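Just the one chain here, laid out as C-alpha cells, in the form predicted on its own.
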C-alpha cells in the first residue's frame, strides 16, 4: 500500500479496460489520477468513481493533445507518472471485420485453414487503416510524452503500452504489430535521453489478456490457454500491477525495459 503516495499520474485511454484498471490500482496505492479518454463524459465517469480528475483528447491529434495539456496545467504543475495506454484494434465499429475475425478464429480452433476470403493479408490494409493505427499508437505516445516531459520532475516514470505482438509479430495484424514494435523502440530511445534526469521510461507488452479487444477472438481462447504454460489468459490486474511496479520506487533502477506479462505464451511459440 501507498507505493505511489503523493504522486500525480496521467493515464491515457483510461475510461475503461486496462487503463481504468491501472487507474484503480494507482489510486489504491495513493496516487492522484488524471483520467484521459477520447470522450470527456466517459473519462469523467471513471474519474468520479476514483476521486480523480478528467481530461479529453484524441491522442493521435497534436492540437487535441496540446489542448489537453493546457487543461492539465490548470489542474497541476507537475506529472510524476505518465501511462500511455490509449490504443485501438483497428476494427472498432466494423461489424464485417469482427465477423471475419470470428469466422477465421473458429476455423483455426477447429484446426482448419481459414478460407482465403477470411485471410486478411497485407493487400487489405488500406492507407487509412495503416495511418490511423500508427497515429493512435506511435504518434499518440510521442505527443503525450512530449507534452509531459516539461511537467515531469526528476525521478518521474513513463510507462508505454506495447504488446506481445510488437515483440513476436503475427500475420494479419501488420499495422498493429508495427505500431507496437515502434513503441518499444521509442521507449528505449527516450529512456536513454531522460536517464540523466532520473526519469525512467519502460514498456509493458501484454500477452493475451481478457479485454474488449480480445473478445472477437473468443473461439480461439481455449487454444490460447492451451498454448500458455500457465494455462490461462491474463486478466487486467496482471497488467495493472505491473504498471504499479514500474511506476514505484521498487523499480528505481529499471529503465529502457519491456516487461511482458504473458503467462509464458511467448516461450511456447
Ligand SMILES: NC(=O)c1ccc[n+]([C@@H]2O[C@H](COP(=O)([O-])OP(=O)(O)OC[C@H]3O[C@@H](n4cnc5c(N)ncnc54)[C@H](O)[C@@H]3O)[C@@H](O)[C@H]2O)c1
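In this text, all values refer to a predicted model and were calculated from it rather than measured experimentally. Residue numbers count along the first chain shown, from 1.
What follows is about the form predicted in complex with this ligand, which we do not show.
- Proximity of residue 202 to this ligand in the predicted bound form falls outside the 4.5 Å heavy atom cutoff.
- This ligand is not drawn, but in the predicted bound form it has no heavy atom within 4.5 Å of residue 50.
- The shortest heavy atom separation between residue 188 and this ligand in the predicted bound form exceeds 4.5 Å.
- The closest heavy atom approach of residue 246 to this ligand in the predicted bound form falls outside 4.5 Å.
- When contacts are defined as a non-hydrogen atom within 4.5 Å, none of 167, 179 and 184 contacts this ligand in the predicted bound form.
- Put simply, of 34, 240, 31, 209 only one has a heavy atom within 4.5 Å of this ligand in the predicted bound form, and it is 209.
- Listed residues 40, 67, 223, 213 were compared with this ligand in the predicted bound form; 213 is the one with a heavy atom within 4.5 Å.
- Exactly one of the stretches 145-153, 71-79, 159-167, 190-198 approaches this ligand in the predicted bound form with heavy atoms within 4.5 Å, and it is 159-167.
- Counting a residue when any of its non-hydrogen atoms is within 4.5 Å of this ligand in the predicted bound form, the hits in 39-69 run 57, 58, 59, 60.
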